[in-house]
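Next comes just one chain, in C-alpha cells: the form predicted on its own.
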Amino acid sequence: MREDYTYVVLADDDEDDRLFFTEAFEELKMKTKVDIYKDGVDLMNALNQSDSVLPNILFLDLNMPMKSGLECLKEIKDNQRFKDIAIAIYSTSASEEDIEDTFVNGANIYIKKPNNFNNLKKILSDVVTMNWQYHTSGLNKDNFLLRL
C-alpha cells in the first residue's frame, strides 16, 4: 500500500450512490484518494491503461449496464497485473447466489449497501482501515460478508 494515502475506486452506475460514496469519504477525512467510474466498461478501460495507477481497494457494484461487477471481477482476477487489488463487492443485493458467485470468483469482501449515511461512513472507514493482508490470506466465507 502507498504510505501517504489509500487509493480507492468505485464503479457504480447509480449517480446518487456515487455521490454519497464520495461525500462519505470527504466527511471521514481519511488519507484517501477516490476515483469514480459510472460503469464496468469505463473502469476496465482505465485499469487496462499501461500507465494506470492501480487502486488499493476497488468497490464494485454488481448490477451495472454494459459490464456487470461480476464480469469486471472475473476479468480482474484473470489478470496477474491486478493481483494486489482488494475487491469489495458493493451492492444492494443480499442474495445468497450473488454472495456465493462473487466469493467463488475471488472478491475479498461483500458489502450490502447501507440504508443511511452514517452506516455508509462506518462501513467505508472499516473497509479502508481493515488489515487486508490478514483479511485476504485464507479467505473464508465467515469473514466475507461484512455486517454492520
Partner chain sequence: MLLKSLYSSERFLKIIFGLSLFIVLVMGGMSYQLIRKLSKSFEDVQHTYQVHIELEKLLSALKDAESGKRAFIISNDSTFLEPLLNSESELEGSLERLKFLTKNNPEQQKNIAELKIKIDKNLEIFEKTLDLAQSNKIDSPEFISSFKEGRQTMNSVRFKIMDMTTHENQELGLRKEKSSKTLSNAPMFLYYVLIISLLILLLTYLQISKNLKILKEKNELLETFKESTTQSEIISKHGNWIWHVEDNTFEFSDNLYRLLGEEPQSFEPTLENFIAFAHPDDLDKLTEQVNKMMENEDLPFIHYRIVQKNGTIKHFKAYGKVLIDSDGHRKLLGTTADITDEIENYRLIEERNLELERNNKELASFNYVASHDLQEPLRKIQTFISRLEDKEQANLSDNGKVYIGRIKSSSARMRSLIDDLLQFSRTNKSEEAFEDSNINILLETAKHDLAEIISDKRARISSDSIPSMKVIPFQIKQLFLNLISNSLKYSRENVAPVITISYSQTHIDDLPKVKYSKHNRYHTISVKDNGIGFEQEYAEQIFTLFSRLHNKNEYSGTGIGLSICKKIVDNHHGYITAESKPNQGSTFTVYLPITN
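What you are looking at is a predicted structure, and each value in this text was computed from that prediction instead of being measured. Positions refer to the first chain, counted from 1.
In what follows, reference is made to the form predicted in complex with its partner chain, a form of this protein that is not presented.
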item	value
Residue contact check: residue 112 to its partner chain in the model of the complex, 4.5 Å heavy atom	yes
Non-hydrogen atom contact residue 84 with its partner chain in the model of the complex at 4.5 angstroms	no
Its partner chain contact at residue 45 in the model of the complex, heavy atom, 4.5 Å	no
4.5 angstroms heavy atom contact with its partner chain in the model of the complex for residue 63	yes
Candidate stretches 30 to 38, 112 to 120, 75 to 83, 52 to 60 - the one whose heavy atoms come within 4.5 Å of its partner chain in the model of the complex	112 to 120
Residues within stretch 83 to 99 having a non-hydrogen atom within 4.5 Å of its partner chain in the model of the complex	92, 93, 95
